[in-house]
Ligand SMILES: Cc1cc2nc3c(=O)[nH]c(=O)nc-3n(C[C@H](O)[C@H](O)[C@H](O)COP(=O)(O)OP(=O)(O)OC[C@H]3O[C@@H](n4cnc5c(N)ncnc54)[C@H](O)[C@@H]3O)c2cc1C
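First comes one chain, alone, set out as structure tokens in the form predicted on its own.
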Amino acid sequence: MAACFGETAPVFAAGPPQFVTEPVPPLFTPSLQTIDGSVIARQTERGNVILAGYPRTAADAIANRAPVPPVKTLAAMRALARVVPALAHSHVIRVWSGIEGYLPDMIPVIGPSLTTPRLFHAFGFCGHGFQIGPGVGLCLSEMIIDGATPTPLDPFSIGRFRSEAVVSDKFRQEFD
């Protein structure tokens, strides 16, 4: 959409593979996440463990498909077993992935257009939209209603893609 207004950003489609295990006895509540983000899991009341696995997988936004290669499920299960050894022999009963927009620096674009007055961008959340969406909504509403926001948004400007994009280490690990 930004390209329609003369601005570009190297967005591509990918998705975090996710899976659910068979029900197992209660192990943890409410959820757990490793600092590096390699394991994000929660256990349901029924006992199933749901894991958002990494690294992410390629997706086809046109065909609306994000297949999960078995190697990704196995890698995510090994990572989960390192954190919760009691799950090492659990069976995965279902896998899936959604489709999300990613940028090579793993930072979303948030802020005013540099080509079109009264146009604001908010995209490429790289899987963090639920976490920062409320704050982004506040910033956008301030810009639209008040003409500015006190929140510093320069690092999120679409203008950072006018030169060669910085590629984050996390991006390199997952997509190279």
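Every value quoted in this text rests on a predicted model; they were computed, and no experiment measured them. Counting begins at 1, following the sequence as shown.
The same protein also exists as the form predicted in complex with the ligand; that form is not shown, yet it is the one meant from here on.
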query	finding
The ligand contact in the predicted bound form: Asn64, any heavy atom under 4.5 Å	no
Exercise: Ser31 in contact with the ligand in the predicted bound form, heavy atom 4.5 Å	no
Partner contact for Asp105 in the predicted bound form: the ligand, 4.5 angstroms, heavy atom	no
The ligand contact at Thr21 in the predicted bound form, heavy atom, 4.5 Å	no
Interface segment, criterion being heavy atoms within 4.5 Å of the ligand in the predicted bound form, picked from 119-127, 42-50, 147-155, 22-30	119-127
Of Ala86, Ile99, Ala75, Ile93, the one that lies within 4.5 Å of the ligand in the predicted bound form (heavy atoms)	Ile99
